[in-house]
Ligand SMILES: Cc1ncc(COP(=O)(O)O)c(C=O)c1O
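Here's a solo chain for you in structure tokens, the form predicted on its own.
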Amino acid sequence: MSYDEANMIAQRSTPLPPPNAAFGHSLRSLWTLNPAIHFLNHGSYGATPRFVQAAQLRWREELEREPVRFMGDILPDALRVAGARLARFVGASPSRLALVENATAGANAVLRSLRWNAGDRIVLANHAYPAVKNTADFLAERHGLHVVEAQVPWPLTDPAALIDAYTDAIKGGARIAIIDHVFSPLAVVTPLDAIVRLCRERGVQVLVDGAHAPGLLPLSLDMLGDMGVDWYVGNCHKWLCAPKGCGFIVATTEGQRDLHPAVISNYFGEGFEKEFAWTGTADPGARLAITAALEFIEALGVERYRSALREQARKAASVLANAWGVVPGATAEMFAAMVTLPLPVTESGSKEAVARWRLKLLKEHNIEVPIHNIGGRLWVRISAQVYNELSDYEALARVFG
């Protein structure tokens, strides 16, 4: 049986969503999620549809049929095709995009490639993703840098407060500002244009952590590059529903200068494309399956998909807010497919409380949802996905109702 024949058989056994498919529990069969669980945490690690898993498996099988030929003769072109397909989707020139394991790997590539001088300042938000904050702290200790946190208030009643926080943080100058396009624990979308503009006015380079944005928000990354975003990193395993281990970095021509992967390997010094395409022997199935993930999202209807997630998240937040007598941490307009609300308990926030409440909800109520400690209070972040219905959120509401 040829590879193409196997591909056709696999697609028949793992179909794409039908045109204009009704969203809700009827689509859960397209994923391998446990049907007994109210899965309200697509935002953490995503969930890969059967169709995309099948594509990843087909690439793995092709690799193992002739590993040497695959790695040397097939993989380079296959990665270029996958990268170009993704670049079109996110509005980037293929020459500006490279595939990486995840957004954290992309951020490390940028931050660890810069030639730092003692006293340089890194500006990021107090609510920045912990892995990125850890990277900044690591570099600060090694090179004598200063990490300055933009104090984004929470709850956040106005996007202007987020802009003001960055304005204050870069007053003393900065080598680079790291901006979260969608804050992970807060779930709010950043007014990116305004913050990038003020950074450029002050000569500050910009790295955008777009871990949650691909698939969730319309992107035009070449345009952002022209505006002043030197580097943009994103994940494909979240809202694009690709396998885990698939992310990207987009860098302007100037941003590519002296930029290297976090792992230096065989093609060091031979250019952006070659260096990032090969960082050592690994399973490339996740990256190559991005084409299948994009096909899946496009079958749902990209704009229909985004609109449905946003609307479902708002309705779900309303259900919880009304049942619990709480107010979400920001206005509805600042959220996309996730909303963060106070957990209606009197217990103070701590690592132990976060872990205990998450496990309690999972084990006693079959609800998978993340709990966060923000400012000493416990908050819950709900995600919306096309396989969810309001009954999933009503189950969570009843726990504290």
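The first residue of the shown sequence is 1; numbering continues from there. Only a predicted model underlies this, so the values are computations on that prediction, with no experimental measurement involved.
As for the form predicted in complex with the named molecule, it is not shown, yet the points below apply to it.
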Do Thr279 and the named molecule come within 4.5 Å of each other in the predicted bound form, heavy atoms counted?
no
Contact between Tyr129 and the named molecule in the predicted bound form at 4.5 Å, heavy atoms?
yes
Taking any heavy atom pair closer than or equal to 4.5 Å as contact, tell me whether Thr190 reaches the named molecule in the predicted bound form.
no
Does Gln205 make contact with the named molecule in the predicted bound form, using a 4.5 Å heavy atom cut-off?
no
Using a 4.5 Å heavy atom cut-off, which residue among Gln256, Thr291, Ser184, Thr135 comes into contact with the named molecule in the predicted bound form?
Ser184
Tell me, out of Ala150, Ala92, Cys199, Ala211, which residue has a non-hydrogen atom within 4.5 angstroms of the named molecule in the predicted bound form.
Ala211
In contact with the named molecule in the predicted bound form (heavy atoms, 4.5 Å), from 281-289, 315-323, 97-105, 138-146, is stretch 97-105
Partner contacts in the predicted bound form for 31-55 (non-hydrogen atom within 4.5 angstroms of the named molecule)
Ser44
